[in-house]
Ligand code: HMG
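Single chain ahead, written as structure tokens, the form predicted on its own.
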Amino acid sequence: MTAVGIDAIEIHTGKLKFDLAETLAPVKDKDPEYYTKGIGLAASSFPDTYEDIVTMGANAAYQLMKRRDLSPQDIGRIDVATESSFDNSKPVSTYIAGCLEQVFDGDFHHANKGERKFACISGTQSLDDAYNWIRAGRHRGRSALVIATDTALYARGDAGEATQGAGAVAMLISENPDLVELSTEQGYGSADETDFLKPNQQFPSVDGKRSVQVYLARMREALEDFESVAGDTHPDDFELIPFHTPFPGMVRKAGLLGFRHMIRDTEIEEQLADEIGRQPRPEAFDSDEAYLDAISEYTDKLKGTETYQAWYDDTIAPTLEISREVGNWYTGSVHIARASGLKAALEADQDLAGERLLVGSYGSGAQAEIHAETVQEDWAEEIAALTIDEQIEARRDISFEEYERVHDVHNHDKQAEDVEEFTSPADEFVFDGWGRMGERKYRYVE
């Protein structure tokens, strides 16, 4: 069976930097470590006045196509995942295709275009759609372009301000991919939840504590469902485990619970027994409450072991390095985590060809998906081409007052238009005002 997966990837971050420790903490009267250590974020990427989900997605896709010497005829479908859409009918994919047609010979009239919505998991669902399209033999030798693009903004004063972010990830899905092959096995955990939603509003309504609980519960269900078709998982099976990362502190919880699950009835649990005992089993307790207290106590002890900490440092921590600097990108979050882990491996001179990743995606509302990926022979060349470090370094640091001004620009209700741009665009697409029917217009700036 021909391998199908991610052939190429590009990342485009918002041009502005909102420093949490230096800029937000003094305004909120918070200890800087509340953000840097507690939440796990140093800064957020923010979109300049001429940036939005279309420009960021189009710029990521443009750089990918240009680097891989692709033309519109090579692309058979364009799938965009976003939860920041500004139109309830016209998909963002059509805007992005229109942008790309400004710089490439030919057009995308032949390409199937769509927009996916299921909160943050829709980036992975779009990946699945492209995978299934190729597997079904309907691609006619063409590849799919999957773009996850978001401005993850909260109302000013909301607790979620610290986790804001803006950027896009573009992925080329093809046969015989250069980066990773996707597994045929998937696991799901899904339930009707109201942990995070936007009922006819731009900024989210969030039940923070509940959202963490739902995230962990759905991830557990998805892992168990994945194991029902792929077999039991073991910590040694995977070199990296990229999770959806609203903020790194949330992933720390998921990583610990995942490790606890995977070591159950293994030699690792036995090796740790003398140090912290064996995991409690529910049948040994008279009530659910007593069992939950015991498993919570065991988990706290597990977290402090050298065995767990070494595994976390090798398997989870590398996937969080980019997110710490750019914040939450919603649909792109787990795909940043994958790129971050692979980038860290490349910088450490690790040869990951043939190794496996376990990818945990999540979307509020709520659904989690677990699938495995196998790193391909040419992965290092593809990851080496990323310019995310240079983009992060080039961002323009904004003050809190400037943050408030640019936030108003991206507030759909305010649409402030008298704020000058903070950076000068070059070799990229920019927002260029409004059309006669209220549509957004874009142009390419050399």
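What you see is a predicted model; the values in this text were computed from it and never measured. Residue positions are given as counts along the sequence shown, with the first one as 1.
Below, we refer to the form predicted together with the ligand, which is not included among the displayed structures.
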Could you tell me which stretch in 344 to 352, 223 to 231, 250 to 258, 180 to 188 has residues with non-hydrogen atoms within 4.5 Å of the ligand in the predicted complex?
-> 250 to 258
With heavy atoms only and a cut-off of 4.5 Å, decide whether A119 touches the ligand in the predicted complex.
-> yes
Classify V212 as contacting or not contacting the ligand in the predicted complex by the rule of any non-hydrogen atom within 4.5 angstroms, answering yes or no.
-> yes
4.5 angstroms heavy atom contact with the ligand in the predicted complex for F196 = yes
At the 4.5 Å heavy atom threshold, is G304 in contact with the ligand in the predicted complex?
-> no
Heavy atom within 4.5 Å of the ligand in the predicted complex - the one residue of F86, F238, F285, Y154 that qualifies = Y154
Pick from A159, A310, L292, A273: which has a non-hydrogen atom within 4.5 Å of the ligand in the predicted complex?
-> A159
Neighbours of the ligand in the predicted complex among 330 to 357 [non-hydrogen atom within 4.5 angstroms] | Y330
